[in-house]
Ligand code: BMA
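Just the one chain here, laid out as C-alpha coordinates, in the form predicted alone.
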(Lines give C-alpha, C1' and ligand atoms only; values in the text may rest on other atoms or scores of the structure.)
Protein backbone atom coordinates (compact mmCIF):
# COMPACT_ATOMS: atom_id res chain seq x y z
CA UNK A 1 0.00 0.00 0.00
CA UNK A 2 1.28 3.47 -0.88
CA UNK A 3 2.43 5.38 2.25
CA UNK A 4 0.68 8.62 1.39
CA UNK A 5 -2.61 6.89 0.66
CA UNK A 6 -5.42 8.46 2.79
CA UNK A 7 -6.28 5.10 4.34
CA UNK A 8 -2.70 4.54 5.45
CA UNK A 9 -2.38 8.04 6.87
CA UNK A 10 -5.65 7.74 8.82
CA UNK A 11 -4.62 4.36 10.16
CA UNK A 12 -1.25 5.74 11.29
CA UNK A 13 -2.89 8.66 13.03
CA UNK A 14 -5.34 6.34 14.78
CA UNK A 15 -2.54 4.08 16.04
CA UNK A 16 -0.57 7.07 17.36
CA UNK A 17 -3.61 8.48 19.10
CA UNK A 18 -4.34 5.11 20.69
CA UNK A 19 -0.74 4.74 21.88
CA UNK A 20 -0.81 8.24 23.43
CA UNK A 21 -4.19 7.53 25.05
CA UNK A 22 -2.95 4.36 26.75
CA UNK A 23 0.32 5.96 27.77
CA UNK A 24 -1.36 8.86 29.56
CA UNK A 25 -4.44 7.08 30.85
CA UNK A 26 -2.72 5.35 33.81
CA UNK A 27 -0.96 8.58 34.74
CA UNK A 28 -4.21 10.52 34.58
CA UNK A 29 -6.09 7.92 36.65
CA UNK A 30 -3.25 7.74 39.13
CA UNK A 31 -3.25 11.51 39.57
CA UNK A 32 -7.03 11.53 39.99
CA UNK A 33 -6.82 8.78 42.58
CA UNK A 34 -4.03 10.64 44.36
CA UNK A 35 -6.13 13.80 44.53
CA UNK A 36 -9.15 11.81 45.73
CA UNK A 37 -6.98 10.16 48.37
CA UNK A 38 -5.73 13.54 49.54
CA UNK A 39 -9.33 14.72 49.84
CA UNK A 40 -10.30 11.57 51.75
CA UNK A 41 -7.36 11.95 54.12
CA UNK A 42 -8.19 15.62 54.66
CA UNK A 43 -11.82 14.84 55.46
CA UNK A 44 -10.80 11.99 57.73
CA UNK A 45 -8.43 14.25 59.67
CA UNK A 46 -11.16 16.87 60.08
CA UNK A 47 -13.58 14.19 61.28
CA UNK A 48 -11.09 12.97 63.87
CA UNK A 49 -10.42 16.50 65.03
CA UNK A 50 -13.98 17.77 65.33
CA UNK A 51 -16.77 15.24 64.81
CA UNK A 52 -19.20 17.98 65.78
CA UNK A 53 -22.90 18.14 65.03
CA UNK A 54 -24.22 21.10 63.05
CA UNK A 55 -25.83 22.52 66.22
CA UNK A 56 -22.49 22.27 68.02
CA UNK A 57 -20.73 24.10 65.19
CA UNK A 58 -23.45 26.74 65.47
CA UNK A 59 -22.67 27.09 69.18
CA UNK A 60 -19.02 27.80 68.38
CA UNK A 61 -20.15 30.53 65.96
CA UNK A 62 -22.53 31.89 68.58
CA UNK A 63 -19.71 32.15 71.13
CA UNK A 64 -17.62 34.19 68.68
CA UNK A 65 -20.58 36.46 67.91
CA UNK A 66 -21.27 37.03 71.61
CA UNK A 67 -17.65 37.99 72.26
CA UNK A 68 -17.91 40.76 69.66
CA UNK A 69 -20.97 42.24 71.41
CA UNK A 70 -20.07 41.72 75.07
CA UNK A 71 -20.18 38.70 77.37
CA UNK A 72 -23.01 36.34 78.31
CA UNK A 73 -24.00 36.12 81.98
CA UNK A 74 -24.10 32.63 83.45
CA UNK A 75 -25.11 31.09 86.77
CA UNK A 76 -24.46 27.62 88.16
CA UNK A 77 -27.70 25.71 88.88
CA UNK A 78 -29.58 28.88 87.96
CA UNK A 79 -32.99 27.24 87.57
CA UNK A 80 -32.40 24.16 89.76
CA UNK A 81 -32.59 25.97 93.10
CA UNK A 82 -31.92 29.28 94.83
CA UNK A 83 -32.34 30.94 98.19
CA UNK A 84 -35.32 29.26 99.90
CA UNK A 85 -36.65 27.45 96.81
CA UNK A 86 -36.11 24.33 94.69
CA UNK A 87 -37.41 23.67 91.22
CA UNK A 88 -38.60 20.22 92.28
CA UNK A 89 -41.03 21.84 94.72
CA UNK A 90 -42.79 23.69 91.87
CA UNK A 91 -41.77 21.91 88.64
CA UNK A 92 -44.32 23.77 86.52
CA UNK A 93 -42.50 27.10 87.10
CA UNK A 94 -39.04 28.08 85.78
CA UNK A 95 -37.60 30.20 88.55
CA UNK A 96 -34.24 31.94 88.99
CA UNK A 97 -32.74 34.28 91.58
CA UNK A 98 -31.17 36.19 88.69
CA UNK A 99 -34.55 36.75 87.08
CA UNK A 100 -36.18 37.73 90.38
CA UNK A 101 -33.60 40.48 90.80
CA UNK A 102 -32.97 41.67 87.21
CA UNK A 103 -36.12 40.66 85.37
CA UNK A 104 -34.05 38.53 82.97
CA UNK A 105 -32.92 34.93 82.92
CA UNK A 106 -29.18 34.21 82.62
CA UNK A 107 -27.81 33.38 79.19
CA UNK A 108 -25.51 30.55 80.35
CA UNK A 109 -26.64 27.66 82.56
CA UNK A 110 -24.12 25.66 84.58
CA UNK A 111 -24.87 22.10 85.70
CA UNK A 112 -22.76 19.47 87.46
CA UNK A 113 -23.07 15.75 86.77
CA UNK A 114 -21.09 14.54 89.79
CA UNK A 115 -22.50 11.14 90.92
CA UNK A 116 -23.80 10.24 87.47
CA UNK A 117 -20.77 7.92 87.46
CA UNK A 118 -22.27 6.08 90.46
CA UNK A 119 -25.58 5.61 88.62
CA UNK A 120 -27.30 7.71 91.32
CA UNK A 121 -30.64 9.40 90.73
CA UNK A 122 -29.36 12.76 92.11
CA UNK A 123 -26.11 14.68 91.69
CA UNK A 124 -23.78 15.69 94.50
CA UNK A 125 -25.85 18.84 95.12
CA UNK A 126 -29.12 16.87 95.41
CA UNK A 127 -30.48 17.81 91.98
CA UNK A 128 -32.18 14.85 90.31
CA UNK A 129 -30.80 13.98 86.90
CA UNK A 130 -34.36 13.83 85.57
CA UNK A 131 -34.91 17.44 86.65
CA UNK A 132 -31.50 18.45 85.33
CA UNK A 133 -32.27 16.98 81.92
CA UNK A 134 -35.57 18.88 81.74
CA UNK A 135 -33.96 22.17 82.79
CA UNK A 136 -31.11 21.78 80.30
CA UNK A 137 -33.56 21.20 77.46
CA UNK A 138 -35.75 24.10 78.59
CA UNK A 139 -32.78 26.50 78.74
CA UNK A 140 -31.52 25.40 75.32
CA UNK A 141 -34.96 25.79 73.72
CA UNK A 142 -35.05 29.36 75.00
CA UNK A 143 -31.68 30.13 73.41
CA UNK A 144 -29.43 29.52 76.43
CA UNK A 145 -25.96 27.99 76.48
CA UNK A 146 -25.37 24.85 78.57
CA UNK A 147 -22.08 24.18 80.36
CA UNK A 148 -21.43 21.02 82.39
CA UNK A 149 -18.77 20.27 84.99
CA UNK A 150 -18.09 16.85 86.52
CA UNK A 151 -17.09 16.58 90.18
CA UNK A 152 -16.53 12.83 89.93
CA UNK A 153 -15.84 10.70 92.99
CA UNK A 154 -12.38 9.22 93.51
CA UNK A 155 -12.39 5.86 91.66
CA UNK A 156 -9.74 4.29 93.88
CA UNK A 157 -10.86 5.34 97.37
CA UNK A 158 -14.57 5.90 96.54
CA UNK A 159 -14.22 9.24 98.33
CA UNK A 160 -15.41 12.49 96.77
CA UNK A 161 -13.64 14.78 94.28
CA UNK A 162 -11.69 16.37 97.11
CA UNK A 163 -10.23 13.04 98.25
CA UNK A 164 -6.61 13.33 97.13
CA UNK A 165 -5.88 9.60 97.12
CA UNK A 166 -3.76 8.87 94.05
CA UNK A 167 -6.04 7.46 91.34
CA UNK A 168 -5.31 8.87 87.88
CA UNK A 169 -2.67 6.24 87.13
CA UNK A 170 -5.22 3.61 88.25
CA UNK A 171 -7.88 4.63 85.73
CA UNK A 172 -5.94 5.34 82.54
CA UNK A 173 -5.09 2.48 80.19
CA UNK A 174 -3.19 -0.25 82.04
CA UNK A 175 -4.44 0.89 85.46
CA UNK A 176 -6.23 -1.45 87.87
CA UNK A 177 -9.46 0.59 87.75
CA UNK A 178 -9.47 1.28 84.01
CA UNK A 179 -12.59 -0.83 83.40
CA UNK A 180 -14.39 0.92 86.25
CA UNK A 181 -13.57 4.33 84.80
CA UNK A 182 -14.71 3.25 81.33
CA UNK A 183 -18.08 2.34 82.86
CA UNK A 184 -18.22 5.76 84.53
CA UNK A 185 -17.60 7.50 81.20
CA UNK A 186 -20.29 5.37 79.57
CA UNK A 187 -22.77 6.63 82.19
CA UNK A 188 -21.71 10.20 81.43
CA UNK A 189 -22.21 9.54 77.72
CA UNK A 190 -25.62 7.93 78.24
CA UNK A 191 -26.84 10.92 80.23
CA UNK A 192 -25.53 13.54 77.82
CA UNK A 193 -27.04 11.63 74.89
CA UNK A 194 -30.39 11.64 76.67
CA UNK A 195 -30.48 15.45 76.82
CA UNK A 196 -32.00 15.70 73.37
CA UNK A 197 -34.65 17.35 71.22
CA UNK A 198 -36.16 15.35 68.34
CA UNK A 199 -33.58 12.59 68.89
CA UNK A 200 -30.69 15.08 68.57
CA UNK A 201 -28.54 15.64 71.69
CA UNK A 202 -28.26 19.36 72.43
CA UNK A 203 -24.83 21.02 72.28
CA UNK A 204 -23.03 21.19 75.62
CA UNK A 205 -19.79 22.80 76.79
CA UNK A 206 -18.20 20.00 78.83
CA UNK A 207 -15.60 21.12 81.37
CA UNK A 208 -14.02 18.08 83.05
CA UNK A 209 -11.03 17.98 85.42
CA UNK A 210 -11.02 21.75 85.98
CA UNK A 211 -8.69 23.75 88.27
CA UNK A 212 -6.02 21.11 87.77
CA UNK A 213 -3.22 23.50 88.77
CA UNK A 214 -4.73 23.58 92.27
CA UNK A 215 -4.16 20.74 94.73
CA UNK A 216 -7.72 20.20 96.03
CA UNK A 217 -9.04 17.61 93.52
CA UNK A 218 -7.76 14.06 92.94
CA UNK A 219 -6.81 15.13 89.39
CA UNK A 220 -4.99 18.25 90.65
CA UNK A 221 -1.42 19.44 91.09
CA UNK A 222 0.63 17.04 93.20
CA UNK A 223 -2.01 14.30 93.13
CA UNK A 224 -1.09 13.00 89.68
CA UNK A 225 1.66 13.55 87.15
CA UNK A 226 1.23 16.04 84.33
CA UNK A 227 1.54 13.28 81.73
CA UNK A 228 -1.06 11.10 83.46
CA UNK A 229 -3.44 14.07 83.60
CA UNK A 230 -3.04 14.67 79.86
CA UNK A 231 -3.55 10.96 79.19
CA UNK A 232 -6.72 10.93 81.30
CA UNK A 233 -8.12 13.91 79.38
CA UNK A 234 -7.26 12.41 75.97
CA UNK A 235 -8.65 8.98 76.83
CA UNK A 236 -11.85 10.55 78.20
CA UNK A 237 -12.40 12.61 75.04
CA UNK A 238 -11.67 9.58 72.86
CA UNK A 239 -14.20 7.50 74.80
CA UNK A 240 -16.92 10.14 74.57
CA UNK A 241 -16.23 11.31 71.03
CA UNK A 242 -15.18 8.09 69.29
CA UNK A 243 -16.38 5.11 71.32
CA UNK A 244 -19.73 6.60 72.36
CA UNK A 245 -20.13 8.80 69.27
CA UNK A 246 -21.00 12.03 71.11
CA UNK A 247 -20.75 14.81 68.55
CA UNK A 248 -22.53 17.43 70.67
CA UNK A 249 -19.73 18.29 73.10
CA UNK A 250 -17.28 21.18 73.16
CA UNK A 251 -14.41 20.55 75.58
CA UNK A 252 -13.31 23.42 77.83
CA UNK A 253 -9.88 23.59 79.47
CA UNK A 254 -9.99 25.73 82.62
CA UNK A 255 -7.15 26.00 85.13
CA UNK A 256 -7.56 27.91 88.38
CA UNK A 257 -6.11 31.40 88.78
CA UNK A 258 -2.40 31.45 88.09
CA UNK A 259 0.24 31.68 90.78
CA UNK A 260 3.42 33.58 89.82
CA UNK A 261 5.20 30.37 88.75
CA UNK A 262 2.21 28.71 87.06
CA UNK A 263 2.20 27.90 83.35
CA UNK A 264 -1.35 28.11 81.96
CA UNK A 265 -0.56 25.45 79.33
CA UNK A 266 1.19 23.01 81.67
CA UNK A 267 -1.66 20.47 81.61
CA UNK A 268 -2.89 21.24 78.09
CA UNK A 269 -3.69 17.95 76.30
CA UNK A 270 -3.46 19.34 72.75
CA UNK A 271 -5.49 21.28 70.20
CA UNK A 272 -7.36 18.20 69.02
CA UNK A 273 -8.83 17.70 72.49
CA UNK A 274 -9.80 21.24 73.51
CA UNK A 275 -12.36 23.56 71.91
CA UNK A 276 -12.59 26.40 74.44
CA UNK A 277 -10.13 28.03 76.81
CA UNK A 278 -11.21 29.20 80.25
CA UNK A 279 -10.05 30.10 83.72
CA UNK A 280 -11.58 30.09 87.23
CA UNK A 281 -10.84 33.07 89.47
CA UNK A 282 -12.69 33.88 92.70
CA UNK A 283 -12.64 37.00 94.84
CA UNK A 284 -11.82 35.90 98.39
CA UNK A 285 -12.81 39.26 99.84
CA UNK A 286 -9.68 40.83 98.34
CA UNK A 287 -10.80 43.07 95.49
CA UNK A 288 -7.32 44.32 94.67
CA UNK A 289 -5.86 40.83 94.39
CA UNK A 290 -8.89 39.67 92.40
CA UNK A 291 -8.54 42.54 89.92
CA UNK A 292 -4.82 41.88 89.50
CA UNK A 293 -5.49 38.21 88.75
CA UNK A 294 -8.28 39.09 86.31
CA UNK A 295 -6.13 41.49 84.35
CA UNK A 296 -3.06 39.25 84.30
CA UNK A 297 -4.68 35.85 83.74
CA UNK A 298 -7.36 36.82 81.23
CA UNK A 299 -4.71 38.55 79.12
CA UNK A 300 -2.79 35.24 78.96
CA UNK A 301 -5.93 33.27 78.11
CA UNK A 302 -6.86 35.78 75.42
CA UNK A 303 -3.42 35.67 73.78
CA UNK A 304 -3.34 31.86 73.66
CA UNK A 305 -6.97 31.52 72.51
CA UNK A 306 -6.53 34.04 69.70
CA UNK A 307 -3.29 32.37 68.65
CA UNK A 308 -5.04 29.00 68.46
CA UNK A 309 -8.27 30.49 67.06
CA UNK A 310 -10.55 29.16 69.78
CA UNK A 311 -13.16 30.99 71.89
CA UNK A 312 -12.45 31.67 75.56
CA UNK A 313 -14.47 32.36 78.69
CA UNK A 314 -14.38 33.21 82.39
CA UNK A 315 -15.53 29.75 83.38
CA UNK A 316 -16.05 30.25 87.14
CA UNK A 317 -16.07 33.24 89.43
CA UNK A 318 -17.81 34.96 92.28
CA UNK A 319 -17.58 36.66 95.64
CA UNK A 320 -19.18 34.46 98.29
CA UNK A 321 -22.10 36.27 100.02
CA UNK A 322 -21.39 39.41 97.90
CA UNK A 323 -20.19 41.44 100.87
CA UNK A 324 -18.30 44.09 98.84
CA UNK A 325 -20.53 47.08 97.91
CA UNK A 326 -20.87 47.74 94.14
CA UNK A 327 -18.86 44.61 93.40
CA UNK A 328 -20.52 43.95 90.04
CA UNK A 329 -20.24 47.47 88.62
CA UNK A 330 -16.98 48.70 90.13
CA UNK A 331 -14.84 45.59 90.68
CA UNK A 332 -15.98 43.13 88.02
CA UNK A 333 -17.38 44.93 84.98
CA UNK A 334 -14.49 47.36 84.27
CA UNK A 335 -12.11 44.42 84.23
CA UNK A 336 -14.24 42.25 81.94
CA UNK A 337 -15.52 44.93 79.58
CA UNK A 338 -12.81 44.66 76.93
CA UNK A 339 -11.44 41.15 77.52
CA UNK A 340 -13.25 39.45 74.62
CA UNK A 341 -14.61 36.59 76.75
CA UNK A 342 -17.72 34.80 75.49
CA UNK A 343 -19.26 34.33 78.92
CA UNK A 344 -18.76 34.58 82.67
CA UNK A 345 -20.22 31.94 85.00
CA UNK A 346 -21.03 32.82 88.62
CA UNK A 347 -21.17 29.96 91.09
CA UNK A 348 -24.32 28.67 92.78
CA UNK A 349 -26.85 30.07 95.24
CA UNK A 350 -27.05 27.30 97.82
CA UNK A 351 -27.53 28.98 101.21
CA UNK A 352 -27.37 32.40 102.88
CA UNK A 353 -23.72 31.67 103.72
CA UNK A 354 -22.88 30.21 100.29
CA UNK A 355 -24.23 32.20 97.34
CA UNK A 356 -22.68 34.16 94.45
CA UNK A 357 -25.65 35.95 92.88
CA UNK A 358 -27.97 38.39 94.65
CA UNK A 359 -31.47 37.29 95.57
CA UNK A 360 -34.59 39.23 96.43
CA UNK A 361 -33.88 41.52 99.40
CA UNK A 362 -30.07 41.25 99.12
CA UNK A 363 -28.12 44.49 99.86
CA UNK A 364 -26.38 44.37 96.46
CA UNK A 365 -29.55 44.08 94.35
CA UNK A 366 -29.36 47.67 93.03
CA UNK A 367 -25.75 47.19 91.99
CA UNK A 368 -26.69 44.04 90.09
CA UNK A 369 -29.52 45.86 88.33
CA UNK A 370 -27.04 48.54 87.27
CA UNK A 371 -24.71 45.74 86.09
CA UNK A 372 -27.51 44.26 83.98
CA UNK A 373 -28.11 47.66 82.34
CA UNK A 374 -24.47 48.07 81.25
CA UNK A 375 -23.90 47.69 77.48
CA UNK A 376 -21.80 44.52 77.43
CA UNK A 377 -23.67 42.30 79.91
CA UNK A 378 -25.78 39.89 77.87
CA UNK A 379 -28.64 37.99 79.49
CA UNK A 380 -30.90 35.42 77.80
CA UNK A 381 -33.23 38.06 76.44
CA UNK A 382 -30.27 39.92 74.93
CA UNK A 383 -29.03 36.77 73.17
CA UNK A 384 -32.39 35.94 71.65
CA UNK A 385 -32.80 39.54 70.49
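Numbering follows the first chain given and starts at 1. What you see is a predicted model, and the numbers here were worked out from it, not measured in a lab.
The following text describes the form predicted in complex with the named molecule, which does not appear among the structures shown.
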Ok, 300, 83, 124, 226: which has a heavy atom sitting within 4.5 Å of the named molecule in the predicted bound form?
-> 124
Among 151, 244, 266, 142, which has at least one heavy atom within 4.5 Å of the named molecule in the predicted bound form?
-> 151
Just one of 124 to 132, 87 to 95, 164 to 172, 248 to 256 has residues with a heavy atom within 4.5 Å of the named molecule in the predicted bound form, so point it out.
-> 124 to 132
Please check if residue 354 has a heavy atom lying within 4.5 Å of any heavy atom of the named molecule in the predicted bound form.
-> yes
In the predicted bound form, residue 347 touching the named molecule (heavy atom, 4.5 Å) = yes
